[in-house]
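Shown here is one chain on its own, the form predicted on its own, set out as C-alpha cells.
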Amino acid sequence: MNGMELSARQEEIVSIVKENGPITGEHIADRLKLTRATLRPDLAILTMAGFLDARPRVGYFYTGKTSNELLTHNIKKMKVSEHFSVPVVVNEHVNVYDAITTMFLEDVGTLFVVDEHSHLQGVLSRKDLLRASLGQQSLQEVPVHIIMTRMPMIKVCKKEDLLIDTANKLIENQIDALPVVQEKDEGLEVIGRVTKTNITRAFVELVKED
C-alpha cells in the first residue's frame, strides 16, 4: 500500500483488524497476548502509514473497509432508547376539536390516545382528524375514540429495539410516528415516540461524527 516493509507483528495486526474491525487496541493486544503499551508503537506506525484508521469510541479498522461499511456497522447498533422524544398524548374521551387544537399547538402529525393510566388505546393521524372534520357532526361532540385507529392495528416499538428496525417499520407501514411503549400488567404504557424526524436527526449526527 505504501511501499513500506511491515514486521511480522505489524502484518499480524493488520490481519486481525482486517478480519475483526472495528476493534479496540485492547482486543488486538488480547489476541496477540501482548500488553497495550507494547502494541502502541506498532498501531501508531500502521495508522500514520495509512494501513489502519482509528475512530474514537469505535476502535481501529482496516482502510480497505469502506466508510459505508463502517457507517452500516454503527447504524446497526443504534437503539430507540438513545433517540426517542416525549410523546404527545390525548385522553380517549377528548373531542375531535380539542385533538385538532393539540396537534396544531404541538406541531405534530400523530397523537397517541391513552386512558387515565397512560395506557395506549389508539392513534390519531392528520388524515383521521381531517376525515372527521369533513363530516356533518359538530367536532366538539365527537370523542376521539370513535375515529382513532385501535389496538391491535397499532404498530409500536420499545426502548431496546434497534433504530433501523423502527425506521423500517415506519416505511413499511407508511406512518410518521411510532409510540415507544413498555409492557404493564394492564396494558402498554406510552413513554415516548419515534418519528421520521428523530431517525433523520440520528443518522445526520452519525455522519457528522464520522
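Source: prediction; values computed, not measured. Residue indices: 1-based, along the sequence shown.
This next part talks about the form predicted in complex with ligand ADP, which is not shown.
The candidate stretches are 173-181, 50-58, 30-38, 160-168, and the one lying within 4.5 Å of ligand ADP in the predicted complex by heavy atoms is 173-181. Checked against ligand ADP in the predicted complex, the residues 123, 108, 90, 100 give one hit for a heavy atom within 4.5 Å, which is 123. Taking the partner from elsewhere, residue 154 is found to have a heavy atom lying within 4.5 Å of ligand ADP in the predicted complex. With a 4.5 Å cutoff on heavy atoms, residue 77 does not count as touching ligand ADP in the predicted complex; it lies far away. Looking at residue 117, you'd find every heavy atom of it more than 4.5 angstroms from ligand ADP in the predicted complex.
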